[in-house]
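Taking the form predicted on its own, here's one chain by itself in structure tokens.
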Amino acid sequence: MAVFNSLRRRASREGLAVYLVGGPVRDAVLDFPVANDLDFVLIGDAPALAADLAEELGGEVTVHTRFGTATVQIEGGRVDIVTARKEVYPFPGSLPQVSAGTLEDDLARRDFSINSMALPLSGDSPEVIDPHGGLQDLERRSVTTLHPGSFTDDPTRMLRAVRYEQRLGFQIGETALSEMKQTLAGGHAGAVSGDRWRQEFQKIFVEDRAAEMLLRAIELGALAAVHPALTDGQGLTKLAGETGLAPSDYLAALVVSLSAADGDGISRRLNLPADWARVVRDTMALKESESEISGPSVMTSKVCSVLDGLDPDAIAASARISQDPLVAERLHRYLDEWRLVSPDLNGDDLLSMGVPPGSKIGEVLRELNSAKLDGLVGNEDEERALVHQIISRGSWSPGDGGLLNGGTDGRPREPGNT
């Protein structure tokens, strides 16, 4: 608001041709809360104005020279100031070529009519400038493109259309749906870089209705255009109606039914950062191992051996989307309890008891930990008794049929039953 008030003062006193545009105008008309991210168009030098504002208000400015835009960060909010421009797309899916233009040019380059309105900051009673019927489409509750080639110019607008439709409770118009089908049939989505697609997914993942948005995008074929394996919404259906989830939950739900090869392909296609790629990989690894932790008689130590080393975000997401209540419960308990379990004894204790140094210490600690998880030992004295049994056993090979992997008969043994 500090920036808004400063710009309004400049517009009124200095005749500055500056306009509030896009989403904030739409949300104000709908009487929705207006976000802290405001967008302004200036007929003039936007980076210079942004620098003046940053100096006046103690903010930080970032200039994007190629597009004649600047961003001012101040008091937890972000303001984008854009030099009015027109755009031309050299080929489908490309970044636009930009040149200076009028307000009409700037509004005409936008994605949908409901985002192509402007409010002058000068005057006592400014009226919304609406050259593309945005106000009418707000009344109709319709997401409508500005021209037939909109999705072909920028196929990422397909995901934006779904995002606005689901967030606002609107419908994508029939004409826009037809245009979307033409873009999909033309294969133009393949021309868009993975980074640009990933940015659209990131915007969806933070929405309250993210699962519904992704399901709708699957229904329309938009996700399959990004990668042909993105056609199954079963995992997302489990998340529908939930809010406050992490991006990793939606990412895991998207890939849970895929093969490892398809998961790797999606990670490469979207150029996923390492933490997201790990969620994809470990979600599918856990799915492949689910049968090992799903039976009623599976021991806790076995569950932990399967899950240890997997990404906690992938485990949490898998718990939310699992179709097996018992598996979901075990995944939650692993995260909340079991992974935090450790023996009362430590390595120094084992050395003092006669366990040889080196790898043998780790082997015994792991065996103690498994015993504690499975309820075979419950205090330090019982752990010491188990260590003495292990020492008396006299064999340290991991494959020798040790106490907790069943001895010679394959069954766990209670301490004292050697």
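If you're wondering where the values come from, they're calculated on a predicted model, not measured in any experiment. The first residue of the shown sequence is 1; numbering continues from there.
Below: the form predicted together with adenosine-5'-triphosphate (ATP), not depicted.
115 is the sole member of 115, 145, 166, 267 with a non-hydrogen atom lying within 4.5 angstroms of adenosine-5'-triphosphate (ATP) in the model of the complex. Interface residue among 160, 333, 278, 302, judged by heavy atoms within 4.5 Å of adenosine-5'-triphosphate (ATP) in the model of the complex: 160.
In the model of the complex, no heavy atom of residue 383 sits within 4.5 Å of adenosine-5'-triphosphate (ATP). Although the partner is absent here, residue 156 sits close enough that one of its heavy atoms falls within 4.5 Å of adenosine-5'-triphosphate (ATP) in the model of the complex. With a 4.5 Å cutoff on heavy atoms, residue 367 does not count as touching adenosine-5'-triphosphate (ATP) in the model of the complex; it lies far away. Proximity of residue 111 to adenosine-5'-triphosphate (ATP) in the model of the complex: non-hydrogen atoms within 4.5 Å are present. Picking from 234 to 242, 67 to 75, 148 to 156, 304 to 312 the stretch near adenosine-5'-triphosphate (ATP) in the model of the complex, with a 4.5 Å limit on heavy atoms, gives 148 to 156. Along 185 to 208, a non-hydrogen atom within 4.5 Å of adenosine-5'-triphosphate (ATP) in the model of the complex is carried only by 203.
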